[in-house]
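Shown here is one chain on its own, the form predicted on its own, set out as structure tokens.
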Amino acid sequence: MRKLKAAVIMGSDSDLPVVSKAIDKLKGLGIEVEARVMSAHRTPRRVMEFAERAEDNGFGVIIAAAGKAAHLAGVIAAHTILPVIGIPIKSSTLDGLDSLLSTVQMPSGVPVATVAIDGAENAAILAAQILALNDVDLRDRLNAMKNDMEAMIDIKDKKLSQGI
């Protein structure tokens, strides 16, 4: 079985400070990542070609981050059957609400899973969960991550209860 990888596509390099959290999380979970800058509006042909070839190029999931009109995830989803996860990027205009609505309001037949505004880390975790359906080792790493989160909350709870 070929090891699947994740694509992280951003509409602009200005999205990198947010998107880097997804890239770091994916790499931390041992997932191969390819990051690219492509625009649904400025490089539509390149976006279409990437999406159409993504599965053949070994990708199992695509994360697409964009702000303002935020059509990137939808355009990608229109050209592939791979799962697409949209990250709406907060813009200066409407605090990311424009991006959120553009990403989440997809027509029937062209789904895009959408995380919170600037929710790159959750996009990476969701991508990992999708890839883990076919990768037992990745599933184990995700379970360990969940256990670590639970342990951290237990520590914080004990500190709080002892301090009151």
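On a predicted model such as this, the values are computed, not experimentally measured, just so you know. Residue positions are given as counts along the sequence shown, with the first one as 1.
Although not depicted, the form predicted in complex with another copy of the chain is the subject of the following passage.
J.: So in the predicted bound form, is another copy of the chain close enough to Ile23 to count as touching (4.5 Å, heavy atoms)?
T.: Yes, contact at 4.5 Å.
J.: Counting only non-hydrogen atoms and a 4.5 angstroms cut-off, does Gln105 reach another copy of the chain in the predicted bound form?
T.: Although another copy of the chain is absent here, Gln105 would touch it in the predicted bound form, with heavy atoms inside 4.5 Å.
J.: Given that the partner is absent here, does Glu55 sit within 4.5 Å of another copy of the chain in the predicted bound form, heavy atoms only?
T.: Contact with another copy of the chain, yes.
J.: With a cut-off of 4.5 Å between heavy atoms, is Glu32 one of the residues that contacts another copy of the chain in the predicted bound form?
T.: Taking the distances in the predicted bound form, the answer for Glu32 is no, it never comes within 4.5 Å of another copy of the chain.
J.: May I ask you to list the residues of 23-58 that have any heavy atom within 4.5 angstroms of another copy of the chain in the predicted bound form, in sequence order?
T.: Result: Ile23, Lys27, Ala35, Arg36, Val37, Met38, Ser39, Ala40, His41, Arg42, Thr43, Pro44, Arg45, Arg46, Met48, Glu52, Glu55.
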